[in-house]
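One protein chain, two forms: both are listed below as structure tokens, the first as structure 1 and the second as structure 2.
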Structure 1
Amino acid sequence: MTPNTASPGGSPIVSLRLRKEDGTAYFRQPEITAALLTLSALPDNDLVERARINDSEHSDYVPSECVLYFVRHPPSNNTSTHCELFEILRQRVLAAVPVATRKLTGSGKPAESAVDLDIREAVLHKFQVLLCKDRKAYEDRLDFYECRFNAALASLRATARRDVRREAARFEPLELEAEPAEPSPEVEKALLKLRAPAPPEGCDFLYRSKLLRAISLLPVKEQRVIELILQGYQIDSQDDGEPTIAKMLDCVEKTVRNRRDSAYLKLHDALKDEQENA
């Protein structure tokens, strides 16, 4: 392993080995490298104590990229420290795969979503496999996680969600595409706000979260239409060279509009409580 930087305590920070398609190297974000330099100089107990802080707004918070680094490159020979950091890393993975609570039909009692639990289990398992492979021989896919931990984990989550959906679809009855319905102006307005990179003034964080969560619960075909609308693609265009949602999803314009309208109705229902409370 090639050390690239030395911490104040003298221990080197190990470089990432992963290369992009063009041959250039992947690098950690500058703030992660800076944090690693500081954290490497800490005694084991202090490092673990700081890594236990869950609040990402806290000044002593240790980013997940750094926790992963110390699991791959233990700060000392102390097995107990290594084990604690390993468990903290698992907690970070678990936190990044939330499980929704829904009311059970009939009893009305709250219960964790079985689909979300399956996704969490699959993600945790795949991450564990990567860690084990890395322990045996350098696993460069873990370098993606040291670049941007939550983003790389989103990739695992998306794959797990796809697999769980495929499995669930085997037991679902075949249904016709949703009937066309009038799009809800409230939902269109809320989606416009979502296109902004950061929550704009007046768009409550909880409301945004609820909308994003509702989008993630849409049937996958409708979710793709909504995602492409949010990315600013047109449903259809006179210009043959313009990428449109219809072309990207290999369907006709009418189908895209039906999916969009059906999604809007579902989002409208999901947001109704929020709007009534506002």
Structure 2
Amino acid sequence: MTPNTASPGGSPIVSLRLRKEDGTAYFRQPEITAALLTLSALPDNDLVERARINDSEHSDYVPSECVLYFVRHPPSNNTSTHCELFEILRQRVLAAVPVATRKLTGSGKPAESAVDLDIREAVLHKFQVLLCKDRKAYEDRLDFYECRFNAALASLRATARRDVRREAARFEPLELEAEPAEPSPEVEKALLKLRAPAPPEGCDFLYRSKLLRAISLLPVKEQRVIELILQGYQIDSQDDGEPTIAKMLDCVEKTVRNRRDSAYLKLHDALKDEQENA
């Protein structure tokens, strides 16, 4: 982490080091530099409180470029202040990578896109890696974020989206090679009962608990399919406007059915083992 020393021009604001291809230095926008000068004079508590303001139209709003600056160059040796500013910056990164949620008509339960979740996680990870490197030695790639935070994050998001989709494509054919055996009708019936808002009359509470536990032990991809089935979503639909499991998980219908059938078989085996060991 670079010490908060004055720039060659006498300004208390640390200069950027990143250079363009032609050798010229990157520079902050004038309004960002002016904001940094004002914010640098504030007590730690006031700086943190202003940084918590999320409304960019608010007169006291602190631009993300400035929050990043103070994470890189803490205004004091107060560890608490640095941690709070870091968490604020982290939340801004998450807010800049939204995860789409879709609802089935008549259902109050949202379902998040698995691909969007992976993209957001990848963006946050890559950004935090840059911050960690900057604490050890000046990471000039973060200078771009101090110049145009949203543009830099958009570029990072595009890279993460490409990587996540490419990684998903690598494993997609493996799931389509083999057809799983016919799913167990007993499991299908049990899941239908589990979807009911209240346990049907005569329903074994212990059996429901065992089924829920078995679902929680499924591989993540299969677990997501089962969870969406329990929320009432269809695997696919002729209606382009209807949210489906295939759309939410960003994969073809055949892949979803394979994951569902594989999950059903695992659930059937798990419940069978429970009965035999009871």
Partner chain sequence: MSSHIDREAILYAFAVEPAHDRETLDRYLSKYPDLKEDLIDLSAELRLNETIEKQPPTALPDPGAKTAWEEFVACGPGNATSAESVDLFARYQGMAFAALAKALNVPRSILTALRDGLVLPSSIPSGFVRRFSEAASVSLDSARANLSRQCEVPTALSFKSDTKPAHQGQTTFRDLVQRTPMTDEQRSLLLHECDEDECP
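Just so we're clear, the structure is a prediction, and the values are computed from it rather than from any experiment. Heads up, when I say rigid core I mean the largest set of C-alphas that superpose within 1.5 Å between the two forms. By convention here, residues take numbers in order along the sequence of structure 1, the first being 1.
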Deciding between structure 1 and structure 2, tell me which is the form predicted on its own. 2
Once the two forms are fit on the core, has Asp44 moved its CA by at least 2 Å between structures 1 and 2? no
Is Ser59 displaced by at least 2 Å at its C-alpha between structures 1 and 2 when the rigid core is overlaid? no
Rigid core superposed: Gln231 CA moves 2 Å or more between structures 1 and 2: yes
What does the CA of Glu242 shift by between structures 1 and 2 after fitting on the core? Give it in Å to one decimal. 41.3
